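In structure tokens, one chain follows: the form predicted alone.
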């Protein structure tokens, strides 16, 4: 067994407008790092966390890193002790898959430490266990792309059916993170419990169009499909500047925009880097006008996913 392993897992955009709870993609460069070291105590220990402002728990049954690793160890029927050190590179409650990146990095590192008993897809169910701790729901639209990279479709949860999707050429994403924290549980609480038949048909058409666009490398179709009638109408009200930003980028050449995960981060897809950076500049202007701080990131889609450093 190796003495220590460090892994990185990227930020993600979940839902991607039309793909509520079933679609996500990974972002380049931004993410979390986790270092694991074996111990002889037959215990999981979170020995340190930096970058979280002291907000994340060290208790093994409450931290997403240790919960994910424990799920894997239970499946292996192993009592191997592991010490865990987490370096947060993502803000909490940001809608960029912060909890998912921690769990994904922890699993990839621990899997390497144990001799790689699982392939990447095999790690996803364990990361979903950690998402239950983080937000009360075992969804995979953040953890799957963080582990696998690229676009990922979760066709079904019972049984889990994960489908990696192609990434169109020259597709760029601008992430706009307002300086507010929005808990996933709060964002879920505002969702409607019922949809009309008309809304269900509209959402189905958009997700089908989006996936077709990925396979056809059709960015125009992709942009037309970035419409959400399930979550966005309710959640957008919780995000200051959302509609002002959408209006401000209307004539800059972006393909479309939406809420990243449960928010408050807003994602905008563009056909090239120049457009993505122009959109980012407009976002700074919009949020300056409403008096709210904002971070802007421009990135290609991350095709690699989580990896051992």
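Note that the coordinates shown come from a computational prediction; the quantities given were computed from them, not determined experimentally. Numbering follows the first chain given and starts at 1.
Heads up, the form predicted together with another copy of the chain isn't pictured, but that's what we're talking about next.
- Heavy atoms of residue 294 never reach within 4.5 Å of another copy of the chain in the predicted complex, leaving it off the interface.
- Shown alone here, residue 286 lies farther than 4.5 Å from another copy of the chain in the predicted complex, counting heavy atoms only.
- At a distance threshold of 4.5 angstroms between non-hydrogen atoms, residue 300 is out of contact with another copy of the chain in the predicted complex.
- Proximity of residue 227 to another copy of the chain in the predicted complex: non-hydrogen atoms within 4.5 Å are present.
- From the list 178 to 186, 152 to 160, 71 to 79, 93 to 101, the contact stretch for another copy of the chain in the predicted complex under a 4.5 Å heavy atom rule is 152 to 160.
- Taking the partner from elsewhere, no residue among 33, 39 and 108 has a non-hydrogen atom within 4.5 angstroms of another copy of the chain in the predicted complex.
- The single contact residue among 238, 167, 138, 200, judged by any heavy atom lying within 4.5 Å of another copy of the chain in the predicted complex, is 200.
- This chain appears without its partner; in the predicted complex, the one residue of 122, 205, 117, 233 with a heavy atom within 4.5 Å of another copy of the chain is 205.
- Applying a 4.5 Å heavy atom cutoff to another copy of the chain in the predicted complex picks out 191, 192, 193, 194, 195, 196, 197, 200, 201, 203, 204, 205, 206, 207, 208, 209, 211, 212, 215, 216, 221 from 187 to 222, in order along the sequence.
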